[in-house]
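Single chain ahead, written as structure tokens, the form predicted on its own.
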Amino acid sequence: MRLTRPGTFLRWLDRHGLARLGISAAARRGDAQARLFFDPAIRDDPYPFYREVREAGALVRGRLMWSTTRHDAVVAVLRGEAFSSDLESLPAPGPIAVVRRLGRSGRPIGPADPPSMLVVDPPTHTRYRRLVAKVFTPRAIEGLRPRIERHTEALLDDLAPAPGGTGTVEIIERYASLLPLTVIAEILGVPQHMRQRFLAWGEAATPTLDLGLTLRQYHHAEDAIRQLNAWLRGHFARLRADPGDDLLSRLVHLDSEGERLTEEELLATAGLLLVAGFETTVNLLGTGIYLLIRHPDQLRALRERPDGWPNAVEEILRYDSPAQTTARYCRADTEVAGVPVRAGEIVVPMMGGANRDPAVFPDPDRFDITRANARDHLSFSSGVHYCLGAALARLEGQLGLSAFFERYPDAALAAVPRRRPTRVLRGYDHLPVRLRP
């Protein structure tokens, strides 16, 4: 592969290359935590690994970082003022600092790049989120309900088996990805003819949320992000001249007491919505369909009590979280669950593991749509970085899943599903389902 931009290699080296070397070295020395990043068995089923970490202690120290899967410790890290989500501000040795500084020149803005809300801290985060929240209000999200219902019905119509056909469809490609894509495209004002390209850009950029990409993977992702940035800059200009009724038009024109989002902040917001918001909902829908097919008793209960769908979505989010892990670095000496953590150390809070903590969720490995405290999950993070799109994801999950099973109550798995190759975001990329109306 020929690199067309010198900065690409430096950015990969800073963000992924050195991490790959360090994690590989730690794995060779027997570091159990290093398995999380490379072991395919853990990617396929991380929950036994999370249990091992939790049983080892509130915080478990590896050669490179701390890890925790205890609910109280994960909450403490996510909400703690001593912890930062901006890993680029982590002090680095001289040579690495030089690589980082040189790599910043000319880089595109992706979902995990400042000024994305995902990786900036207060007070910058406070200002940024305050402005975005003026547009993404609960009322605005609820106002999307009729559109989501229309899109859901249209997509389900398209799934109808042909006479004499097998009735087998790839449910991720034909339904779980198309519903959130259509919703995000409407929020961003993306024309119909651009939506498949938008989907391709989002799928290519998603792996950047993981740690330890290969150079080829990173180059592919950065190229997609660069193309997305270029298209969005032109889109912003069009919306400034001729705004639509979409939420992005409101963001572009937002002026609150003399404050507005910069071009870079708009790029980061649109990219984060596409990657994090879209991918999270795809995984929620795909996982929900899989779990409810595998647990017909739970599905029967929902058919008898449709008012149980909101809690069922919370249990799906808890049981197999679309977002599994994140990372924080410690800015000042502190303590978590009685364990001292020093400034400069990295902590990996594993939300997927915290969602199976038996101290909070009795019998945590049991899927139970009536679980009284299912909403106590951490799938949308916690604290200042609590997901701004949580309400939208919940709404799409409730409408998308209830409508699917109302139309196809006897849906069945047609083949063994396949997991996505990502680790931070968890879901299926291949889920063949046989539809029997």
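What you see is a predicted model; the values in this text were computed from it and never measured. Residues carry their position along the shown sequence, with the first being 1.
Unshown form predicted together with protoporphyrin IX containing FE (HEM); subsequent notes refer to it.
Segments offered: 58 to 66, 375 to 383, 404 to 412, 41 to 49. Contacting protoporphyrin IX containing FE (HEM) in the model of the complex at heavy atom distances within 4.5 Å is 375 to 383.
Judged against protoporphyrin IX containing FE (HEM) in the model of the complex with a 4.5 angstroms heavy atom cut-off, the residues Leu18, Leu87 and Leu213 are out of contact without exception.
In summary, among the residues Thr326, Thr182, Ser249, Asn229, the only one with a non-hydrogen atom within 4.5 Å of protoporphyrin IX containing FE (HEM) in the model of the complex is Thr326. The contact with protoporphyrin IX containing FE (HEM) in the model of the complex, taken as any heavy atom within 4.5 Å, belongs to Arg129 out of Arg129, Arg331, His151, His219.
In the model of the complex, no heavy atom of Val53 sits within 4.5 Å of protoporphyrin IX containing FE (HEM).
The closest non-hydrogen atom of Leu299 lies beyond 4.5 Å of protoporphyrin IX containing FE (HEM) in the model of the complex. Interface membership of Val74, defined by any non-hydrogen atom within 4.5 Å of protoporphyrin IX containing FE (HEM) in the model of the complex, is ruled out. Using a 4.5 angstroms limit between non-hydrogen atoms, Leu392 touches protoporphyrin IX containing FE (HEM) in the model of the complex. For the partner-free chain shown, Ala276, Gly277, Thr280, Thr281, Leu284 of 275 to 290 come within 4.5 angstroms of protoporphyrin IX containing FE (HEM) in the model of the complex, judged by any non-hydrogen atom.
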